[in-house]
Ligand code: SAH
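First comes one chain, alone, set out as structure tokens in the form predicted on its own.
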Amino acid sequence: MNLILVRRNEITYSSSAKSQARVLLSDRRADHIRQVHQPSLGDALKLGVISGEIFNAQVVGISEQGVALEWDSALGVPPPEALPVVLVLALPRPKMLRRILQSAASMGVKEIWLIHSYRVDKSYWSSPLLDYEALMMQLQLGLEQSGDTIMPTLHLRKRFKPFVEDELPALVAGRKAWVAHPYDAEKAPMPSDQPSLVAVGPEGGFITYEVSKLMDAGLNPLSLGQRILRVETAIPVVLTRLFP
């Protein structure tokens, strides 16, 4: 945890110095601070307000009740810039999904669409790991790792064809759009900051029909080279190929 993330409703403010903010943590964040950071009173830790700025917070209390942090809310800095990308991802195995969401959030992806496809097992959609709070926790873990505060937006679509025909064209508009596909595909272009959309299939890839439908919606097949990569590897590879 390289950034302690807090919600706005956890923060209290001093009545005498209105910019002086304080939070008392008593959950996994407090445990992490005590066990990993092992700070002394007065030490500084990086703290971020979800959807807000990043601060240097001072440790002002360590006890069984929790860890207390204080900071000047007028001295924040903005979070890192987001990647200008929409990630469309065929729903992977739930246990793999946790790692993928953390990785995508840590790399600066701010819009993720999880969709169904032919090679996605329908049972994946009923996994308790797809509970909203569970998904948000994985995204938050990614932000804590990378030092970011802006939560990605996550969309779930259980039907492939309606999504591709009714929603995907609007997402593609104004963006370069790609589907990671190892066959008859273009090589990755030079990295740029151009707004883009990237679709990544499940293990085994999108079937031919699905690739055709994605191309009809404006996506171009994109090759990552001769090696066939796992989904959790392909996503960071394609993002680093496309963006500087």
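The model shown is predicted, which means the values in this text are computed figures rather than measured ones. One rule holds for the numbers: they count along the sequence shown, beginning at 1.
The same protein also exists as the form predicted together with the named molecule; that form is not shown, yet it is the one meant from here on.
Self-check item: the named molecule contact at Phe206 in the predicted complex, heavy atom, 4.5 Å
Solution: Yes, contact at 4.5 Å.
Quiz item: Heavy atom to heavy atom, is Val200 within 4.5 Å of the named molecule in the predicted complex?
Solution: Although the named molecule is absent here, Val200 would touch it in the predicted complex, with heavy atoms inside 4.5 Å.
Exercise. Considering only heavy atoms, tell me if Ile228 and the named molecule come within 4.5 Å of each other in the predicted complex.
Key: Taking the distances in the predicted complex, the answer for Ile228 is yes, it comes within 4.5 Å of the named molecule.
Quiz item: Within a 4.5 Å heavy atom cut-off, is Ala21 in contact with the named molecule in the predicted complex?
Solution: Residue-level check for Ala21: no, no contact with the named molecule.
Quiz item: Okay, which stretch from 61-69, 42-50, 28-36, 215-223 lines the named molecule in the predicted complex, with non-hydrogen atoms inside 4.5 Å?
Solution: Looking at the partner contacts, the answer comes out as 215-223.
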